[in-house]
Structure formats: C-alpha cells, structure tokens
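One chain comes next, on its own, written as structure tokens: the form predicted alone.
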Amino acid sequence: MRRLRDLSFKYKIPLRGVVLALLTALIVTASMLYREYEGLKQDLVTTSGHLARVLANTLVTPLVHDDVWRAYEIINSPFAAGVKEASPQTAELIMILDANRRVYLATNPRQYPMLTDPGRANPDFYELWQDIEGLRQPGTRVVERAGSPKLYVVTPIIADGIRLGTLVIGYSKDAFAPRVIGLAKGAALAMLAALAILLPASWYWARRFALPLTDLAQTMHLVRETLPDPADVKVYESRDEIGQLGAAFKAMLKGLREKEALEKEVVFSERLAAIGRLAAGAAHEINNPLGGMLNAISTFKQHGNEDPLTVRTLSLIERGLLQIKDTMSALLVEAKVKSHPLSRQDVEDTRTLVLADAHRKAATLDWENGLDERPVALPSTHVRQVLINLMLNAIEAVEPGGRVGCRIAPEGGSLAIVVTNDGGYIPQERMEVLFEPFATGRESGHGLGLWVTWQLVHQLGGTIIAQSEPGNTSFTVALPLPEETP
C-alpha cells in the first residue's frame, strides 16, 4: 500500500482513471442485467397471473362435480404442443391442492401422486404453506423463496365464498438464463468497445493532467541544491489552481533570485568599501613620508654635489618614489570635486585620447556619441575618467586587429555607457573579484583601473555591470541624471 501511495502522479492519476472507467462499466452492465432480469420476471408474473386466474375460474365446475379427468385436461391444456411452442416461459408444474394440503391433481403425477403430501417430493411446499394459508380472498400471489430454483404463482379456487382448493403453478428460474446470458454477452461486447475508447482516452488525459504536477515537483526538487535558471523552470501556466501554484512558485523563485543577487551585491559592496577604506588609509599614511622623501631628493638635487653616480642613483630613487606616489594617488578616489557639466565635446576629447592606444593595437574603434549640444548635469572629470578607464582596459584586452565598441547616450533618466570588446573571455572566478584592487589578470598593470571606476560610478549614484562570454565582453554603466538637465 505504501508503494502505491509513493507512486508518481504521472502513473497514479492514469491508473485511477482506468480503475474508475472499469468500475463504471461494470456497474452500468450489472445495472442493465438486473433491470433486464427484473423485467423478465415481471413479464412472467403478469403472464402467469392471467393464466392462474383463467385456470382457477375454469376449474371451479370440475372440482364441484369432482370431475378429475376434466380437471386434469384443464391443467394440462397449457402444455399443449401449440401453446408450448408459442410461449418460451412455459410452466414446469401445475398442481391443485385440496383443503387438507394434499395433492388433488398435478401435471406430474409420478412425482406428486394424488392425495399425498407434496412437501415429501419438494421441500419448497413446507415453506409455501404460510403463503397458501394467507390466501383467504380471491387473488394471486407470487412466491419466490431464497435458494429455490423455482418461482411459484399461488391462486385460491373459490366458489360461492367457499375455498375448494389452491392452484399452484411452478416456473423454473433457469428459463431466464438464455435471455440473461444473451444480454450479458451483448453488454460485455458493448462494454469492451466502450473501454477500448475510454481507457486510452482516460490514460492520455490523466497523464496530461498529471504532467504539470510532475514538472513542478521536478523543478522544486532542483531548488534544494541551487536556484534553477528561468529557462529550466517548467511550470503549467493557467488560471486554475495548478496554474496559480506554478505562478506562485515562479514568483517565489524570482524573489529568491533577487534576494540572492542583493545579498551578493551587499557583500560585494561591503568588501569593496572595506578595501577602499583600508587602501585610502594606507595611501594617506604612505603619501606623507613619500612627499617628504621626494622633497628631500629635490632639495639635494638643487643644492647637493654633482657626482654623476649620486645624481643617477637619486634619479632612479625619484622615479621609483613617483611611481609609488601615482599608485597611491589612484587609491584616493573622491567624486566630490566640482567640475563643469559633461558635454559632447568632452566625450569626443576622450575618444581622441584613446585613439593612439587603439592604433597601436591596430584595433577597430566603433564609437557612438549620443549626446547632443546641451551639457549633461554630471561632473565631466569623473565621467571622462570612467570612460577612459573602461576604454583602455578594452583596448588592452583585445588581440591585434580586434574590435572595441563604445556607446554613450541618455536612456530612461540615466546616462548609459556601454563599452564592448571581442578580446579574451573573463572566467567566472575572476568576475567575482573583477572590481577589487590589484585583481588584474594580466602581467602588466596594477589592477586599479576597474576599482577606481567602480568607486567613481557608485559615488555618482550609478551602477556598473560586467558580462563576458567567448568573443564578447561588455561593461554597462548607468549614471542617474537629475530631473532637469540645464
């Protein structure tokens, strides 16, 4: 029983449909057979009742005159050849009982001799006495005893209010068998024909009904391990209960994905913010002694000796310290410095700055400047810095002869910047730390460009999204614009 209960709905529902169809067919067939049997029995009762009344009225005169031969001829008249052939439900026995319950006459005198107790030959008569005694008035009663193969029609023979005897007509219940068997065969054939249509149809529709449940169960099973992709979510969509359940499940998955993405973004932002605070603190601490050392070298070069070896050594030290200073300066990102609003020319100037690097790589630059002549209320210095960093990274990523694309235009209340390249694919493990400092995957560079870009974008209230697949890597920046652009 437990195995049946644990069976999948894609088998359980079709099996239940098949069982229901079988039970329905059996009940309908049994009902038809019962009704036919009752109809045959009622026809027999009606016919036998008419026969019993006719015989009872005809037997009055022979019984009054004790004319046994005439009475015998009368009770044998239904067994005449012509009548027997015309009636398929012919009586098996016709008997006249006297007032003392003894056989007066019977159509089968060898089994029921005259003036004998009929109960000795047929125990049914011991159970019939109560019904026979109950017939005090003219009328016919049909008696059917449980377990008996016969059905009896009992009619009193009364003349001038005096009961002369009782007429008993016996019919075999087996007379119904040929008709019932024929009907059962026809009903069985009809049932098989109906089942041949109903069973495949019920199996098909039940499988179709169970399919949404099984798909939903399989999809829910995937949630235990990880959130499935929207393309892998197969749920039934409609306005019925199963469709509403599928829609609720999809809404739940969407909420879980948003929650997961938000958690990742919060963790990522907190990590970058912590790194930024650490880097800024370290940069401030390093810049102070670094400035002092550079001042000391500058003073020594102006007022010190002119020994070539010393001058060359100090120059090497000064270049190293300047490189350290540049690196530390990159860690100090501040977007609060005022600059003029971004204009179309600022974007074109940026294009001019990166063209030399593109030519050096023999890269094709697809440039699309969607700004008009009206300035955009965003600080030009920081937008240009974001654009330069993204463009230089894209040019650095492509192979010689590659292609770099840039599109900048207002879209839906934001300034959209999209930079693409057909360079190397960024694997997923690098994508998770792409905007962290010193996380460059190349041998050259310190990996601060994307980190500075992320800092600038978020200080301007915007978002930056990186996507990479073989043959196409893109960075999409959205910087919110004020409601009114001057």
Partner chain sequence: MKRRELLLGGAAAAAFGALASEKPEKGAARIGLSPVFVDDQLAFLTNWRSYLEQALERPVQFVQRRSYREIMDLLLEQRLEFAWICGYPYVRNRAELQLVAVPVSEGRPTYHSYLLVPATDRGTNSILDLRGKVFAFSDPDSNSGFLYPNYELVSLAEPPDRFFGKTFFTWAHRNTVEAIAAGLAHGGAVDSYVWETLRRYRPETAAHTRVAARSPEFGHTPFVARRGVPSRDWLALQRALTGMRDSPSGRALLEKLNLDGFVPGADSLYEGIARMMAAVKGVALHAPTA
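Numbering follows the first chain given and starts at 1. The model shown is predicted, which means the values in this text are computed figures rather than measured ones.
Quick note: we don't show the form predicted in complex with the partner chain, though the next part is all about it.
- Exactly one listed residue, out of 50, 35, 70, 430, brings a non-hydrogen atom to within 4.5 Å of the partner chain in the model of the complex: 70.
- With the partner removed from view, the residue among 105, 376, 168, 406 that has a non-hydrogen atom within 4.5 Å of the partner chain in the model of the complex turns out to be 105.
- Remark: residue 43 does not count among the residues lining the partner chain in the model of the complex, judged by a heavy atom distance of 4.5 Å or less.
- Contact check for residue 115: a non-hydrogen atom falls within 4.5 Å of the partner chain in the model of the complex.
- In the model of the complex, residue 303 stays away from the partner chain, with no heavy atom inside 4.5 Å.
- Although the partner is absent here, residue 110 is a contact residue: one of its heavy atoms lies within 4.5 angstroms of the partner chain in the model of the complex.
- Checking 59 to 67, 451 to 459, 419 to 427, 24 to 32 against the partner chain in the model of the complex, the stretch whose residues place heavy atoms within 4.5 Å of it is 59 to 67.
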